[in-house]
Structures are given as C-alpha cells and as structure tokens.
Ligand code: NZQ
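The chain below stands alone and is given in structure tokens; this is the form predicted alone.
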Amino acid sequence: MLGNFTYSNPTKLYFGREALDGLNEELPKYGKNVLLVYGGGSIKKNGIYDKVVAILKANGKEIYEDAGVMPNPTSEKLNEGIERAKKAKADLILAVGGGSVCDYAKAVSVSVNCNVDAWDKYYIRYEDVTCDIVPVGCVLTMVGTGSEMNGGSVITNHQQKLKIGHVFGDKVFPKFSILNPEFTYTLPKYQMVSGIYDIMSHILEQYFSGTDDNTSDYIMEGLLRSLIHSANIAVENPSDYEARSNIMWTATWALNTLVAKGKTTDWMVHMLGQAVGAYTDATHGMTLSAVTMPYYKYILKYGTAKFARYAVNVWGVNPQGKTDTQVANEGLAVMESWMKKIGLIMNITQLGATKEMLDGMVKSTLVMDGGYKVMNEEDIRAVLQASF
C-alpha cells in the first residue's frame, strides 16, 4: 500500500550517441565562468576532455579546471574545490566523470557560498542547504551511482575514518546530465563490474523493505532482470552498445528517487560497505559486494517472504514443494554464483581489510532503521566478521 509522498526530479537527461550535443542547448542558460571538474585524467586520453572543451569554447565560456577528483572524494579535496570555485566565481560546475566526480561537484556547489566547514555542516550535522547553490551539470563516463539524477553526495574523511553520504534536496540535483553509453567503453572491466554491482545494490537496498504490495517492487524486479541480462553480455563484450546503454539507463532509474516512493528502504549494505571503504579506500561497488552475502544471510529470517519472492521473480527459482526459507536461500545461492561469475569481490580481506580494523569499522557503521532488522553493534560485528 502506497502512503503519501511527493515526487519531483528536475534533472534533464540527454541520452544516446549524440547526447553531448545537449551541452549546446544547456550552456547558454548559465553565466560565463565554468568550473570543469574531472578525475585522474582518463578523459584526456579517451578524447572526451577535448570534445567538452571545444563545446565550452564554442559557447564563449571561460574555463577553470578542478582536476584530480579521486574515486572516494575526500574532505580535503572538497575544501580545495570550494576555493577553486570561489576564485573562478563559477556560474556552473560541469562534472565530467563517474559518480564520484558528480558527488563531489554537488558538495562543492552547496558549499561555495557558505563560510562554514562543509564536512561538519553537511556530513556530521546533516544540515540543510542554507546558502546559494552553484548549478551542476554532469557528463557521465562511468555508471553505477545514479548521481547524475539525484541529490546524493558521498565524501570520505580519512582522519576521522568516516565515509558519509548526504542526500540533498532536488534543488541540488544536476540541472542536466549527458549520458552517452560509448563514453563508458574504455572503463577497465574491474570498474565496470563494480559499477554494475553498485546499481544492483541500490535496487536491493530499496526492494528489501516493507511487506505490502507495492508497485515499486514490481518495477525493481524488472530493473534487476534487465541488469543481470545486460551485465552477462557486457562482461563478455564490453563494447556491446545495447547492453551498455541498458546498464546506463538502469543505473539512473535505480537511484533517481522514483522506486523509493512508498518504501522505507534499508541501506545497511551501503553503511557496512562505506565503513569498509573508510578504512581501505577500496572501490565502492566492491565494498558492497564483499559484505552483501553475509548481511543478507544474516537478515533473511526477518524478511523471508520477500527474499523468497526475489528468488522466484528475479532469479527464476522454482518454488514447488519448497518452504519460503528454502526458496529464499536458493535465491541467494544463485545470486552468489552469478556475482562470482562476473568477477565481483566476495570478501573484505581482498580489499585490504584486516582483523585489526574490525573494531573501527564497527564503530564507523551508521545504523539505518528501514530494513527488516535494525542492527545493533553485535549484529554489525557479526556481519563484518563473516565478511573477511
């Protein structure tokens, strides 16, 4: 049963092989100064940087650069970006890269005009945005986070050993996003597979909550089947346009706030994975895959009916003559085999986690209350121990 909710998503998407042409439509809407944000320089090697700069210059923009955004953007880098945006007097922040670059751009956008510590304001105190926002646009080169069409922004503080996300309101959503599946072709397989699992985890975090008959669950089952099908193709042929375009589109719908409507949502896999990431700086999607099976096996008995439905409707498990528990466990077993098949990391030891980090990771794990069990410290410790 759907409760009361409000849905708004102001992001305009340009999708397909000619999507970058959308910049010519969007850029005239903003002032002259553009802060071009990107990561380690791969966009210069694959030619995307030159294409974007050419369009910016053709539209008479003054370009200021903020390069070197890391896969897990840090609070130190955020402070650097805020200063760069201030000096540029940026009218638009254009993020060219994956979800981390888009996340970072949003964090900069809400902080430029605030004379406070951004980490403390947004990631410790979870305060609302109280100052003028610099608009953000995204040119996506890696899929997974859904950051191109939501208000999420995850930042890591290495000193405090915390990796925290803040979900800003729709005023912080990118004003536009450019989605060309071909821009993702040069991504290493490890990163592609990591992104695929990030997409899956986003859907599952929302799916494994509630016991009602909810339209969102039917949508998510379809998204999951599409993702699994296209992932199988992309792992064998990374340049299959249809598969990569379906994965890109699924990533957007997995976390653009639509399927969360009417759901309480869980997010404990992300909290566990982010605690691991805070200590190891490992690739986000792989931290999620490494803790997924221990967590879902741990909570299965609290949401057995939903896990059984998932097994049947997503993985095709035959329920005839079996209990819900048997069906649910079979579904997780099929899922685990598939995860291994496509090359996901299945334990946190492979990500650099050590037993000496366990106490710290337990303390760094934020507790959410929307899933089938509200975890306590003992529960969190048990799941993380099983993840080694």
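Since the model is a prediction, treat every value here as computed from it, not as a measurement. Don't overthink the numbering: it's just position in the shown sequence, from 1.
Keep in mind that the form predicted together with the named molecule is not shown, yet the notes after this line are about it.
The three marked residues, 40, 99 and 147, each reach the named molecule in the model of the complex, with a heavy atom inside 4.5 Å. The named molecule in the model of the complex comes within 4.5 Å of a heavy atom belonging to residue 188. At a distance threshold of 4.5 angstroms between non-hydrogen atoms, residue 152 is in contact with the named molecule in the model of the complex. Among residues of the shown chain, residue 208 is not one whose heavy atoms approach the named molecule to within 4.5 Å in the model of the complex. Residue 35 falls outside the set of residues with a heavy atom inside 4.5 Å of the named molecule in the model of the complex.
For the options 75, 216, 245, 184, the residue carrying a heavy atom within 4.5 angstroms of the named molecule in the model of the complex is 184.
Scanning 280, 141, 292, 252 against the named molecule in the model of the complex with a 4.5 Å heavy atom cut-off leaves one residue, 141. The chain is drawn here without the named molecule; in the model of the complex, the stretch among 40 to 48, 55 to 63, 322 to 330, 338 to 346 whose residues come within 4.5 Å of it by any heavy atom is 40 to 48. Contacts to the named molecule in the model of the complex (heavy atom within 4.5 Å) from stretch 348 to 381: none.
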